[in-house]
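As a starting point, one isolated chain is supplied in C-alpha cells, in the form predicted alone.
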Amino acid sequence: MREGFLLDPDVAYFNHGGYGACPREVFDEYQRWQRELERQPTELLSRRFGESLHAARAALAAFVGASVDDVVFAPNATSALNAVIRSLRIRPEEEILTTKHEYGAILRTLGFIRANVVLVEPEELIANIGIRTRAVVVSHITSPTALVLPVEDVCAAARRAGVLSIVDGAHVPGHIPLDVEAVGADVYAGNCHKWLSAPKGSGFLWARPEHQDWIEPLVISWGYHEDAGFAERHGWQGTRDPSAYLTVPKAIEVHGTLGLEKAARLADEAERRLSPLGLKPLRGVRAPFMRALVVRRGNALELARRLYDEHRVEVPVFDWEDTTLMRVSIGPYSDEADLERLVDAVRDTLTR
C-alpha cells in the first residue's frame, strides 16, 4: 500500500490526521485538472466551471448523505466555519457553548467575534444549554484528543431548546460513516484532504435550507446577488485553482478501495504497544484511526523534534489543557514496520 502514496519512504508518517496524504491515482487526477486549467484557463473557468463544480459537489453530497443544493466546497473546515461563525452577528447577552476539546483555530475564531464562550467537557454540553445559549459548537471527532463525540444527542438537545447547532466534522469524512442529515446539526463542516485523502484545499460546508440565507461567504464576488442561492453565493469567489475540489470524486472512488480495517487494528495495536512506555489514552470513545495518548514526561516540542530528527518518525506532540499529548494517526499506508519504528523511537527518546 505504501507505494500507492507519494510519501517519503524514509519517514514513518503518523500525521495523516493533520494534513492527509494523496494516493498516486488521486494526485494524478489533481494534476490532470491543473494541466487542463493551464491549457485552457478561460474554457475551464468561464464555460465549464459551473457544470464541473456541480458534478464534484454531487459526488461529495452523495458520499456525506446530503442534497447537492445544501453543500458547497470550501478550502478547509476552518474556512467553512469562519464563514458561519463570522455571520452570527452575536449579541452581547448571548453565549456560545463549546468544549475544551475543540480545534484551536475555531476557538480563536470565536474569540475574534468577541463571543461570550462557555467551555465545558463534552459530557456537560447538554446540561449547559440555557436561555443565553445562541449556538452550540462541537466537534464530531475532536482534533487534539481524537475522541468521537455523541453529536447526534447534542444536536437533538439543541434543537429542542431552539439553539443553533454547529458541528466541526474536520476529521470525519473517510474516517467514520457520515450522514449529515442524520446527525441533526443545523450546520456541518468537513475536510476532504484528511482521511478521504483528497488534495489539500478541499473541504465543505453543509447547512439546512432554513439556515443558508444568513451564512455569508468569506469572499463576496460575482456569485453574490439578490437571486443567488447557497451554492452560487459560495461557489465563485474570484479566480482560484478549483482542481482540488474537482478531484474529490476521484478521491471518493479510490478511498473505497483502500481496505481500512487494517488501519483500525493497527491503531488499537499502537495504543497497546505504547502503553507500557507510559503513554495512556484519554477517557472516551476513541477515533478508529487516530489516538491521543498522554505523555507523562518531556517537553512536547523537543520530543516531537527528536522523534523526527533522530528517528525520522513524524508524529505530533503538543500541550493541551496542562497535559502533553502525542496524537498517532494511522494512514492507509501504515504497516507493522512503521509501528515498530514508532515504538522503538518513543522508547529511545523517553529513556535518554
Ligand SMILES: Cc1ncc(COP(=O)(O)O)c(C=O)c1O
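Counting begins at 1, following the sequence as shown. Being a predicted model, the structure only gives us computed values, none of them experimental.
Just so it is clear, the following notes concern the form predicted in complex with the ligand, a form of the same protein that is not shown.
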Of the listed stretches (244 to 252, 231 to 239, 187 to 195, 112 to 120), which one has a non-hydrogen atom within 4.5 Å of the ligand in the model of the complex?
187 to 195
Sort through 97, 77, 72, 158 and report the residue having a heavy atom within 4.5 Å of the ligand in the model of the complex.
77
Looking at 151, 141, 180, 136, which is the one with a non-hydrogen atom within 4.5 Å of the ligand in the model of the complex?
141
Just checking whether residue 171 would be counted as a contact of the ligand in the model of the complex - the rule being heavy atoms within 4.5 angstroms.
yes
Would you classify residue 103 as touching the ligand in the model of the complex, given a 4.5 Å non-hydrogen atom cut-off?
yes
